[in-house]
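Coming up is one lone chain in C-alpha cells, specifically the form predicted on its own.
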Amino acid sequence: MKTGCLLLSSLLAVLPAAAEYRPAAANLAARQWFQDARFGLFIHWGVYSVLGDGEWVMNNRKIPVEEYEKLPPQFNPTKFDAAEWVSLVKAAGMRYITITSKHHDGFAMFDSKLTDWDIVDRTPYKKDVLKMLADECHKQGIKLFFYHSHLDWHHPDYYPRGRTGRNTGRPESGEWYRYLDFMDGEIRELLTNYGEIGGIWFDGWWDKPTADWRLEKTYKLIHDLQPAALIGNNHHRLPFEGEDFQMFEKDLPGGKTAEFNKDAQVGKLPLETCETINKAWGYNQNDQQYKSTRELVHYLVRAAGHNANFLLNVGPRPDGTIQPEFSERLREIGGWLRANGESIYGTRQGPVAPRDWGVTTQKGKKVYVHLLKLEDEVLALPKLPGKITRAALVNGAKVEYGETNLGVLLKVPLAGRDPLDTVVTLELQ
C-alpha cells in the first residue's frame, strides 16, 4: 500500500496542474461595469409559454418528448418587437438583459446549426429572436447576456439522467461527453453569431452535481472567444474557478431564505440576485400574485445595500408581448430611479451593514442612507468613516444631523418621506 501511494504521489507530481484562471483586463473592466450597472431584466421565454404554466411544465406534468414536440408548431410570437422590449428596459432604468437562449427543455431560442430543435426550424415564426434582440441591444446601448441551461430534458445524450426530467420517455442510454460537446457547440454559436455579449448565465449544474461537467473547458472556450464576457453559474455554491460573478436565486446574498441557498456562502466576486414579479419565471396565465412597485424598489435597494445587482424577471406571453402588469411596474421603478438613481448606479455597499430599517450605499465620499421602514423621525447610526459636511434629501431639502464620538443622529421628518424609499445623502470629508 505504501509503495502504491508513493507511485501515485510521483505520478501526480509530473502531471500538469490545472491552469489558474487569470481574467483579462477587458474582463476586469466588464466586472466593474457590471457592478456599476446594478439593475437588469431577466427574461424567461420559450415554447413552454404556449401552455401558460411556467418554464418547468415539461417536468412538472411529466410530458414525454413526443408530446412536448407538439408545442413549437403552436409557438408563433408575431407580436414580438425587439425595439419595444429594449425601450422598456431603458424606461425601467435597467442596464442589461439576460434572456434564456436554452432552458431545461433543451429548446434553442436561436438559429442553431447543431440541431433542428430550435425556433427557426420548428416554429411557424421561423425567425431568430435572439439575433433581433442582440441587434437592438447593440443599437440602443444595452448589454445582452444569455441564460443557458446545463441540463436538458430533451437531448438523448443527457445521460445518465439527473434528478429532474425523468419522465420524458427518452431511452435509458446516451453518451455524456457527446452531449457536452453539443452544449459547447451551442455556446460557441452564441458567442460568434450575435456580436459582443455581456456574458453567459448558466443554470442546471445542480441536476447532476457529481458529474464531470468539464467546466474548465467550457469556461475557457467562452473566455477565449470573448475575453470580456462574464460567466456566472447558478449552482448555489461558492464560485468555481473561471467564474466572474456570483448569483443568488430569489435571495439576497447571504439571506439563505430559499431552500437551495441554505448552504450558499458569499464569495468575493461581483454579486447578483434574481427575483420574479409574480411567483413564476416563465409565463403563467394563472399567477396573479404580483409584487407591488414598492416591494420591487425595496428589493432593488436592499440588493444594492448588499453590494449586489438586481436581475428582475418577466415571462413574456407566447405571442411575444410582455404583460401590462409587468411593464407598468418596470416603468414605475424607472420613474423612481430617474430621481434617485445616483444612490444606486455605480455604488457599492455602504459603511453601515443592512438593517431592518434599510441599507446604506456609497460612492466616493457620498454615503446614501435608504430609509425603507423607519417609523421614527430620528435614526441613530454608528460612527461613519469621515466627518459629515452636508446632509440632504434628493430634492435638496437639508436634513438635521448631529455627530458625537458615539455615532450619528439624523432627523428626517415624517412629512418629507418618499413612500417608496427616502434617501438621505451624506457628504463626508
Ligand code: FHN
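Start at 1 with the first residue shown and count on from there. These figures come from a predicted structure and were not determined experimentally.
Separately, the form predicted together with this ligand exists; it is not shown, and the next lines address it.
Visitor: When the contact criterion is heavy atoms within 4.5 Å, does Y147 count as touching this ligand in the predicted complex?
Guide: Judged by the heavy-atom cut-off of 4.5 Å, Y147 is in contact with this ligand in the predicted complex.
Visitor: Would E249 count as touching this ligand in the predicted complex under a 4.5 Å heavy atom rule?
Guide: Yes, contact at 4.5 Å.
Visitor: Check W56 for me: does it contact this ligand in the predicted complex (non-hydrogen atoms, 4.5 angstroms)?
Guide: Heavy-atom contact with this ligand at 4.5 Å: present for W56.
Visitor: In the predicted complex, is there a heavy atom of this ligand that lies within 4.5 Å of any heavy atom of R214, even though the partner is absent here?
Guide: Answer no; every heavy atom of R214 is more than 4.5 Å from this ligand in the predicted complex.
Visitor: With this ligand left out of view, choose which of K208, H236, R95, R294 has a non-hydrogen atom within 4.5 angstroms of it in the predicted complex.
Guide: Of K208, H236, R95, R294, the residue with a heavy atom within 4.5 Å of this ligand in the predicted complex is H236.
Visitor: Go through W45, F42, Y68, Y368 and name the one with a heavy atom inside 4.5 Å of this ligand in the predicted complex.
Guide: Of W45, F42, Y68, Y368, the residue with a heavy atom within 4.5 Å of this ligand in the predicted complex is F42.
Visitor: Thinking of this ligand in the predicted complex, which stretch from 251 to 259, 323 to 331, 119 to 127, 102 to 110 has heavy atoms inside 4.5 Å of it?
Guide: It is 102 to 110 that comes within 4.5 Å of the partner.
Visitor: Suppose contact means any heavy atom within 4.5 Å; which members of 167 to 203 contact this ligand in the predicted complex?
Guide: If the 4.5 Å heavy-atom criterion is applied to this ligand in the predicted complex, 167 to 203 yields W201, D203.
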